[in-house]
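Heads up, the chain below is alone and in the form predicted alone; it's given as structure tokens.
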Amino acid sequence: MGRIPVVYYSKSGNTRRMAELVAEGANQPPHEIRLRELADATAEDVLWADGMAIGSPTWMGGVAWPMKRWWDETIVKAWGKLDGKIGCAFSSEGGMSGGAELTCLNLVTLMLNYGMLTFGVTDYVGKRTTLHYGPTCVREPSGDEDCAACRLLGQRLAQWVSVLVDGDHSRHPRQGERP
């Protein structure tokens, strides 16, 4: 059974809504999901995890300071103990081209520094909506495509945890396409 926390920081509620949708997508039996606001997330949550999704609003083109501080001061206690855990990212932004993809890349970079395995998603959930670096939304996820992108990230995280941690290769995202 995979253990997946969805950890997020949200000042306005936009990233919180994304986190709820990511958790909804990841909530597939037999996985255990924990939705954690950053103020309540601990190093123990990360050590408990097999895979985790991390979300931050975009502040001035990057990760919000409280999220960066969490990695620097709280999660540093888990240094050297996160190798091989699976991670992914998501971000909200105040307006189009506000830097949300950069924020996702910043979050992925933090996870890579801790030895985590990260992934992108090549699937398009709409005509112009993809989540190569993680889903991004302008403000709150408002349309079907925004919501589908967040759910797909959670679903894909649960699939990779099933394959890589639980050894259930029938859950591979591309199972039907493999030769």
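The first residue of the shown sequence is 1; numbering continues from there. Just so it is clear, the structure is predicted and the values come from calculations on it, not from any experiment.
This protein has a second form, the form predicted in complex with a further copy of the same chain, left out of what is shown; the following refers to that one.
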*Determine whether any heavy atom of A41 comes within 4.5 Å of a heavy atom of a further copy of the same chain in the predicted bound form, and answer yes or no.*
no
*Interface membership of A26, a further copy of the same chain in the predicted bound form, 4.5 Å heavy atom rule*: no
*Is P30 a contact residue for a further copy of the same chain in the predicted bound form, using a 4.5 Å heavy atom cut-off?*
no
*Would you please decide whether R36 lies within 4.5 angstroms of a further copy of the same chain in the predicted bound form, comparing each non-hydrogen atom pair?*
no
*Using the arrangement in the predicted bound form, list in sequence order the residues of 52 to 72 with any heavy atom within 4.5 angstroms of a further copy of the same chain.*
W59, M60, G61, G62, V63, A64, W65, K68, R69, W71, D72
